[in-house]
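Only one chain is included here, represented as structure tokens and corresponding to the form predicted alone.
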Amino acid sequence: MTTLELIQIILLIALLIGLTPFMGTYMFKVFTGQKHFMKPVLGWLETLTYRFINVMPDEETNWKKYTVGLLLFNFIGFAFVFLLQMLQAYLPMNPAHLPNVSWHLAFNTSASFITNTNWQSYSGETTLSYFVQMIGLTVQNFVSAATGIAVILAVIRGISRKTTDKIGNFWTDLTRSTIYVLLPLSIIFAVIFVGQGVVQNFKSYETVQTLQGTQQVIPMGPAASQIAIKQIGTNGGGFFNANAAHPFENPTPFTNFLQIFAIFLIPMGLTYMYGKMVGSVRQGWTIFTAMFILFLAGLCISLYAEYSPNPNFGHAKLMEGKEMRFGVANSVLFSVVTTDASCGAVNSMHDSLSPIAGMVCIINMMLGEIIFGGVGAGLYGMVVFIILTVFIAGLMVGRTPEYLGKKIEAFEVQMAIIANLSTSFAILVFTAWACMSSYGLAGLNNSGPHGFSEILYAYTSAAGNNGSAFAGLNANTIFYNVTLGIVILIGRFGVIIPVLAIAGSLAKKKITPFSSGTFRTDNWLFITLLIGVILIVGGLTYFPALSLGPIIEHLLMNHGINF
């Protein structure tokens, strides 16, 4: 790794840490109804939205009504995106005259984009029209990210409030997240991307003559606007099939830096907002520190694996599947960040990563993508692990578990376990099914443990609502479109519903005053315990599967065997 690449990584981390308090304070003001600098600019749009949907913004609900509103909104979004794809050929803004999408691909894509997953079994430039990309997918990029923020806001209110059943208003949280957080940032990044050469037009595809004298079709379209929100909202859906490796999506090293920066910007800020909303900034920094340690560990392991000598290729860098414009370090950094967050954008093909670097990506997703994670989703996923950690710590010292003054009892632990098991069930059961089915094996690009890793990665990405792929699996089949779509829905709502139930339960409880006997959750001991629980739970659940894939592949590769 060169000195310049190391400087880029340090600069990225420094900027993100420096902006975390700013982003957190801004979002704290937005979601607590205080004055902020965007209120005079976009306040009219918030008011208009409430009038249009006939909602009283200050009217709060219990967790059940909050959940019903969330599920209803997402169901309508699913149906809308599904119909757009099924009627694409008859809709405007289709200069390439693309046909209607098959039912199973439309199901998969609809499930993917309403859940902030953005798994793509299709090639964007040859499958979806500009109209579907803009009206369907880009809209979902905003509201699916806003849904994640809404859930963590409900969780924070459940933790910080006492003796009430009110955890907020879903429609208010959704509106404010979209208008004051996601929309302004997306506009700023989209303008910068256009200035750097990212495509943003409504032209038909261009046919040009190459230097070799052959004809090539160059795709066009409104890409910059979708790319901005796909990174800011940790969605990851590429306008083009090659995603952030495509020169029209990610043309320069600067846009590459900004896209990585955008993925972590809001998730990091949410940790600081969390601390302010629960009344202890130290609590927010505690969560931030645990996430940051896991992020650095994964990054260092991946960099070491990619720069280590490969017995099959000598000491040469592993450049297969990587863009020459970005090189190894920036490709590895992107792969770690995008799988830490539930983003799924890629600037290299993860199928070509070394087995250990590929395993880091898989583990990042298997842990629930709680290493900063998706917008909102990473933080409420971390709260699940915090509850489990507090419960285990309470058993160790023989005291009733407490977190921020709230007693953690059987119901909260049960819901936390359900949230954790829903994703692991989806990953392992459906991976096993695919490995035993001729339909699942038919799409493999490789045999042996690498082929297993391709299947395992696909279902892990779907259950973790990530959306990235190993790029070695043909997933555009009825089997994979349907099963991955089901896993995507389980991974999203199988976690959200128990988490909201936890929020509702905690909100009803009294807050126990802090005393000398209270187990502290804002020090290094708790950080260590939290990381230990995360790794042990992940290790015990997924180690057998990882052993059959990337671990055994790494051992065989060291003996000169490839797959």
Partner chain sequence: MSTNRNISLFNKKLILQAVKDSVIKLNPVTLIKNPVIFIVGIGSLLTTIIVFVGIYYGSFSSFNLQIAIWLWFTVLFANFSEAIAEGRGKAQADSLRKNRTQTQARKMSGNKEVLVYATELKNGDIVVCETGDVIPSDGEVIEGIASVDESAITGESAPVIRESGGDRSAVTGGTKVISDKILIKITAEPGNTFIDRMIALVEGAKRQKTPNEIALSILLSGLTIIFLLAVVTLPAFFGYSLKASGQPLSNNLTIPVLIALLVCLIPTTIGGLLSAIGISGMDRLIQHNVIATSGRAIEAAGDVDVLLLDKTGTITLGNRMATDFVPSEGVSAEELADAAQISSLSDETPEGRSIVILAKEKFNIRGREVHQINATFIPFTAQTRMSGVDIKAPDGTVRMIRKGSSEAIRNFIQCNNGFFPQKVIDIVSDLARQGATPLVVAENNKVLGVIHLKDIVKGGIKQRFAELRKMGIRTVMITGDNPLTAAAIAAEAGVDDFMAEAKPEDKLQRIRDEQSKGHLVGMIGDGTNDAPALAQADVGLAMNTGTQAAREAGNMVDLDSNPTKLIEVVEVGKQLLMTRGALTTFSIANDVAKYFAIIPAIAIALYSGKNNIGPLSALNVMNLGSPQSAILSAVIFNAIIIIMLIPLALKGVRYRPVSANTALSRNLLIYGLGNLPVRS
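Everything quoted here is computed from the prediction, not taken from an experiment. Positions refer to the first chain, counted from 1.
There is another form of this protein, the form predicted together with its partner chain, and it is not shown here; the text below is about that form.
The listed set 168, 355, 275, 449 contains one residue whose heavy atoms approach its partner chain in the predicted bound form to within 4.5 Å, identified as 449.
None of 225, 424, 160, 172 but one reaches within 4.5 angstroms of its partner chain in the predicted bound form through a heavy atom, and that residue is 424. Judged against its partner chain in the predicted bound form with a 4.5 angstroms heavy atom cut-off, the residues 6, 64 and 253 are out of contact without exception. Within this chain, residue 540 lines the site of its partner chain in the predicted bound form, having a heavy atom no more than 4.5 Å away.
Residue contact with its partner chain in the predicted bound form: residue 120 places no heavy atom within 4.5 Å of it.
In the predicted bound form, its partner chain sits beyond 4.5 Å of every heavy atom of residue 140. Among heavy atoms of residue 391, some come within 4.5 Å of its partner chain in the predicted bound form. Stretch 523-531 is the contacting one of 500-508, 26-34, 46-54, 523-531, since its residues have non-hydrogen atoms within 4.5 Å of its partner chain in the predicted bound form.
Taking its partner chain as positioned in the predicted bound form, the residues of 394-425 that bring a heavy atom within 4.5 Å of it are, in sequence order, 395, 396, 397, 398, 399, 400, 401, 407, 409, 410, 413, 414, 417, 420, 421, 424, 425.
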